[in-house]
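One chain is shown next in structure tokens, namely the form predicted alone.
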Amino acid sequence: MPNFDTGHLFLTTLAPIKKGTTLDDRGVKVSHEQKIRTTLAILPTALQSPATEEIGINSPFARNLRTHLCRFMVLDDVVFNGRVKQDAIVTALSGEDPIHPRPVDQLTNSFLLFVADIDAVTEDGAPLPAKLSKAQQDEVRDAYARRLWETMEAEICEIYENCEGFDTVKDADGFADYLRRCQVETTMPFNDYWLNPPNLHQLPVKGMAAVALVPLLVALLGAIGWFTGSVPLLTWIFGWTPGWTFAGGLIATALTVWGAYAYTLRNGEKPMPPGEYGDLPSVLKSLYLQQKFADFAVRMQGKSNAEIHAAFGDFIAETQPENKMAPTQVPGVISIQRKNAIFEQ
């Protein structure tokens, strides 16, 4: 389930960019691809550097509490990684001329790529799930698309109006359906919010080896009996036929190894568990508390124990550590010292 892992949904969409031309803000005729590149170039990023802080306009994705990371990109074509490596001797014997080019994959159209790492929830602040069915993942994706439409409809329309099929999108449900049609499978999700090593789905290696060893021993016994002309005692008691035992043992061993291989693949496909505080509201709250506590520690230098005790009570009352939704740091900033960087409920 690569689209879902660690309680997050890893969304990847590809929207085909229209061919032909349109007018930009100056009334100059440009291609849709150029228009979308210009729009993305001036789309505000998060306030995460001195340069972006000077601009003072936060990313529109900071208007929701589900987006951890996201990226837009225009994909012109796929990258050619060179010829498929093969044995030089085999190539020479086959008569293939390695100078002749092979067929190369190419896109027939430019695409707008949108990828996002989001909390796999339908309500801001809800606990991250450990498991989600395919239908539940679709529900999370649709809820996120509707949230984007509610918070950044103007930016979405300005970007996607240059893409095929977006002309029929008129509301949040329409945008959710559009992203559904553009979604492709995410094959390499990434997450690093664990405070402690996660409880991964370990393979029962010893148990699997023991299960595989039994039919192998049976096959080995059959082989010994077959090559030595049978084991007299077993033949006398059970009418044992070593040839059939050897064959049956081999088949059972092959089936057992195949079963272990399939089980290993299925085990690897299981989503890893969510981090204890891996949802975006918890991450923002931890950043808020970290900075508040650092300031508190500085202020308490030289104070008496009684003064620190009393002040710490005020600190708890002010920061409300148990309430991850507020007060907290707003998304898209790196310091609560900045203007409008704290969300008060």
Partner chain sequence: MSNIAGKAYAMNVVTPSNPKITWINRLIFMVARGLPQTLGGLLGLSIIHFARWIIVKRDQWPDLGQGKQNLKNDYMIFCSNFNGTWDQYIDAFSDGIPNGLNLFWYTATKYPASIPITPFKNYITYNQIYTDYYYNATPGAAQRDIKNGMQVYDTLRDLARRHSEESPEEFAHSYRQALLKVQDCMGEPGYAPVASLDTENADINRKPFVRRAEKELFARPKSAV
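Residue numbers count along the first chain shown, from 1. What you see is a predicted model, and the numbers here were worked out from it, not measured in a lab. Only the largest set of C-alpha atoms that superpose within 1.5 Å between the two forms is called the rigid core.
Keep in mind the form predicted in complex with the partner chain is missing from the figure; the text below concerns it.
You can rule out all but one of 87 to 95, 213 to 221, 161 to 169, 241 to 249: in the predicted complex, only 161 to 169 has residues with a heavy atom within 4.5 Å of the partner chain. In the predicted complex, the partner chain sits beyond 4.5 Å of every heavy atom of residue 29. In the predicted complex, the partner chain stays beyond 4.5 Å of every heavy atom belonging to residue 143. The partner chain in the predicted complex comes within 4.5 Å of a heavy atom belonging to residue 109. Looking at residue 274, you'd find every heavy atom of it more than 4.5 angstroms from the partner chain in the predicted complex. Although the partner chain is not shown here, in the predicted complex the stretch 260 to 282 places heavy atoms of 261, 264, 265, 267, 268, 269, 270, 271, 272, 276, 277, 278, 280, 282 within 4.5 Å of it, in sequence order. After superposing the rigid core, the C-alpha of residue 318 moves by less than 2 Å between the shown form and the other one. For residue 302, a C-alpha deviation of 2 angstroms or more is recorded between the shown form and the other one after rigid-core alignment. Relative to the superposed core, residue 105 shifts its CA atom by 2 Å or more between the shown form and the other one. Compared with the form shown here, the C-alpha atoms of residue 185 and residue 258 sit at least 3 Å closer together in the predicted complex.
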